[in-house]
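The data below hold one chain only, encoded as structure tokens and taken in the form predicted on its own.
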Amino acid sequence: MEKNIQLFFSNNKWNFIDNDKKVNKLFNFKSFSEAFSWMTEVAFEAEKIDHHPDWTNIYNKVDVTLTTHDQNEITSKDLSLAEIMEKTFVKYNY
């Protein structure tokens, strides 16, 4: 894994899992509608870059796991999507 990728995930409090082949983070929102709105916004961006997260939503929480499945590791695709998630989350984390 590239050092800049590892640094981004570490600095933004993502957890490395499965022998560092995946990253995971739990995003907390004030309500279900905020969580779902964030997911919708991220989904459109994920579609544009053709990289999709593994995620679950329970009420105001979204549990996200990223990996590049065809590479079986964390790649720049995961970094790009995580950057979108973090940037978009700021709008909901006021």
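One rule holds for the numbers: they count along the sequence shown, beginning at 1. All figures in this text were calculated on a predicted structure; none of them were measured in a lab.
This protein has a second form, the form predicted together with a small molecule, left out of what is shown; the following refers to that one.
Asks: Using the partner position in the predicted bound form, report whether Lys30 sits within 4.5 Å of the small molecule, counting heavy atoms only.
Replies: So Lys30 does not count as contacting the small molecule.
Asks: Do His69 and the small molecule come within 4.5 Å of each other in the predicted bound form, heavy atoms counted?
Replies: Yes - in the predicted bound form, heavy atoms of His69 and the small molecule come within 4.5 Å of each other.
Asks: Would Lys61 sit within 4.5 Å of the small molecule in the predicted bound form, counting heavy atoms only?
Replies: Contact check for Lys61: no, nothing within 4.5 Å of the small molecule in the predicted bound form.
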